[in-house]
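Okay, so here's just one chain, in structure tokens, the form predicted on its own.
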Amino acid sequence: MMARTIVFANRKGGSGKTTTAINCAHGLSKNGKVLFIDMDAQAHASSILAPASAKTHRSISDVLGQNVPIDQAIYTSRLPNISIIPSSRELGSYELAAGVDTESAVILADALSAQFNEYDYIIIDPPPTLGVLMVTSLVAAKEVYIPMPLHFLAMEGLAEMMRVIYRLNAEANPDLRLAGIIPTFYNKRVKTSKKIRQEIEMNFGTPILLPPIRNNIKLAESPAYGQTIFVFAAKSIGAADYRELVKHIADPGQVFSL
């Protein structure tokens, strides 16, 4: 079977996007082989997953900017059953130099086609900006998951993400679809969360909301130790929430209601 290509994306920073991508990758690796692509120049995911040797070798910027074969940039990660194409400092320069157009954005999609039979999941973590790296990630993927806090400022980012998804679906990637919205930093006692949840359900339907990730100090601490939540605090609320989320991503037929 061909790999499921998944992107965790949000054009607003501070949404828990990279934390969600890393922890879901670790959770999904229990079900199959995962290739993680760090498309964010901040390289937070690479600092957790990539081996030390990757710092002096090929990265995603070489694949995109230098036409290096993608298999030369794939490394065995620090976690079992996960491979990674790391980010690098040069990725920021590539984004500044490259124009945002769908023709240049197909580079990653074309390169990944040779890897579809090698993995069960290909997970892409783009930067929180609507530039060429975000567009490239969306053109290469089929499933978009949007992690977002349930507050009104985040709704602006969701609306903008949906406009981009619809445009790319029409122009460059007819297989692209919104697979789920993931509430992050969730607190059910906050009234605003309930109002935003109702607005999302009204516009997208109840099944689009996936299990929430509650506020949890262990989730905030784990990146500082270079670990996923399943390694850092396997019995924490954060680990329990991501296990539930991973179940729904692995089996999209499940219906969840907050």
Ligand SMILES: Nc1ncnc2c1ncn2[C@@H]1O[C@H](COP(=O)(O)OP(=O)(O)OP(=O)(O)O)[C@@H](O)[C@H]1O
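Heads up: residue numbers just count along the shown sequence, starting at 1. Quick caveat, the model's predicted, so the values are computed rather than measured.
A second form of this protein, the form predicted in complex with this ligand, is not displayed here; the remarks below concern that form.
Original post:
Can all three of 38, 51 and 226 be found with a heavy atom no more than 4.5 Å from this ligand in the predicted bound form?
Top reply: Checked in the predicted bound form: no contact with this ligand for any of the three.
Original post:
Among 28, 213, 64, 210, which has at least one heavy atom within 4.5 Å of this ligand in the predicted bound form?
Top reply: Filtering the options by heavy-atom distance leaves 213.
Original post:
Taking 4.5 angstroms as the cut-off for heavy atoms, does residue 121 touch this ligand in the predicted bound form?
Top reply: Residue 121 lies outside the contact set for this ligand.
Original post:
Contact between residue 128 and this ligand in the predicted bound form at 4.5 Å, heavy atoms?
Top reply: Although this ligand is absent here, residue 128 would touch it in the predicted bound form, with heavy atoms inside 4.5 Å.
Original post:
Counting only non-hydrogen atoms and a 4.5 angstroms cut-off, does residue 185 reach this ligand in the predicted bound form?
Top reply: Flag for residue 185 set to yes.
Original post:
residue 193 near this ligand in the predicted bound form, any heavy atom under 4.5 Å?
Top reply: Contact check for residue 193: no, nothing within 4.5 Å of this ligand in the predicted bound form.
**OP:** Would you mind picking out the stretch of 227-235, 200-208, 66-74, 40-48 that comes within 4.5 angstroms of this ligand in the predicted bound form, counting non-hydrogen atoms?
**Re:** Contact-bearing stretch, as computed: 40-48.
**OP:** For the heavy atom contacts within 4.5 Å of this ligand in the predicted bound form, list the residues of 3-18 involved, in sequence order.
**Re:** Sequence-ordered list: 12, 13, 14, 15, 16, 17, 18.
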